[in-house]
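One chain follows as structure tokens, the form predicted alone.
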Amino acid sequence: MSNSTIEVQDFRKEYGDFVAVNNISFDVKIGEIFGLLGPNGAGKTSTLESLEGLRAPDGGKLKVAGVDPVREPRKLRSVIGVQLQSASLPESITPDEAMRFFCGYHHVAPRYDLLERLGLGEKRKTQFHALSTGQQRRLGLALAVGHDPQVLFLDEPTAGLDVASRVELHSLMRELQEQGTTIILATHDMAEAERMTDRVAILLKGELATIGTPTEITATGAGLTKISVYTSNKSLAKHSPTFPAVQRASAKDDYHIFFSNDIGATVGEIIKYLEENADPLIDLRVERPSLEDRFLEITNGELS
């Protein structure tokens, strides 16, 4: 028996002569939080919408919790939850009414507790048009998970949310994962993807550029480590010394920044230089390449 909840095999999507997604294949395991990343036009939306049953593929096979999105749309709706980038609910509907309607469709009891948890307790009787953007997005999330779906699709779920709401959303995602829910997270927030996902796939111009855990992906490529140095007398800025293993250097907010492929050699020489120049060290930070760094390297800085 397969341990994959989502199977994508040679998936292709075309719009006239334009190939949006070109024969990509990947799978998502049961209970994974899987990130789908890429700049605008990479094919993320076409892939998500096809998995959600909103578009028909032009080639290949898709399976979501054992369901064919094209041939079994009714069954698909019972096993997935979807939070879109923008909610489209009647302007006059209240969170209470929306929760009752959505849960009624799935033949489950209304999950008013989710409204409370996501900070909508005092807004349960407020019409949708009067909710803030963040509140509308939180309502969309509550509706998406109200029927305990096997697979949850989140498209930019934290856009427009305040810090407290982001923390609560991430906590809820972890709880759902522990219960066995598979989550597909499409986000432009690389820090969020690095922190929350088990694996990510990066799409570029309709192709699968890379797939793996955030650690696996950041360990490949140029792999330069960022070394930020802030000193009392700013001798690094005054004299612009060179250090071993440094591939490039820059300055920002009184910090001198070095990108090194051998942090031991670089840091050792920096400390020696500062001692020789009687320049007290105030702060030194060593940061491994982030998922955002690797993403920009893969996509050549294309806008996300």
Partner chain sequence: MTAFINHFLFEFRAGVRNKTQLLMNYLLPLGFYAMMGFVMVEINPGFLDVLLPSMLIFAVLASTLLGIPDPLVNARENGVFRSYKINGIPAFNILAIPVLTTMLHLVIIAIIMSATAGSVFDAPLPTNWLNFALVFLVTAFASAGLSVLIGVASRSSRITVLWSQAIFLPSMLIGGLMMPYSVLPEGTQLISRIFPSTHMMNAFGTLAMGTSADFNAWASVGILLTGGILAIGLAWYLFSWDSASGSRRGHPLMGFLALIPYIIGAFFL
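Residue numbers count along the first chain shown, from 1. These numbers were taken from a predicted model, which means no experiment stands behind them.
Below, we refer to the form predicted together with the partner chain, which is not included among the displayed structures.
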- Message: the partner chain is absent from this chain, but in the predicted bound form, do E49, V82 and G104 each have a non-hydrogen atom within 4.5 Å of it?
- Response: yes
- Query: Since the chain is shown here on its own, which stretch among 185-193, 224-232, 88-96, 199-207 would lie within 4.5 Å of the partner chain in the predicted bound form, judged by heavy atoms?
  - Reply: 88-96
- Query: Quick one: is I271 in contact with the partner chain in the predicted bound form, heavy atoms, 4.5 Å cut-off?
  - Reply: no
- Query: Are any of the heavy atoms in R111 no more than 4.5 Å from a heavy atom of the partner chain in the predicted bound form?
  - Reply: no
- Query: Counting only non-hydrogen atoms and a 4.5 angstroms cut-off, does P39 reach the partner chain in the predicted bound form?
  - Reply: no
- Item | K123: touches the partner chain in the predicted bound form, heavy atom cutoff 4.5 angstroms | no
- If you check Q127, S171, T213, T133 against the partner chain in the predicted bound form, which one has a heavy atom within 4.5 Å? Q127
- Query: Taking the partner chain in the predicted bound form as the reference, which of L54, I263, A251, I30 has a non-hydrogen atom within 4.5 Å?
  - Reply: L54
- Which residues in 248-285 have a heavy atom within 4.5 Å of the partner chain in the predicted bound form? none
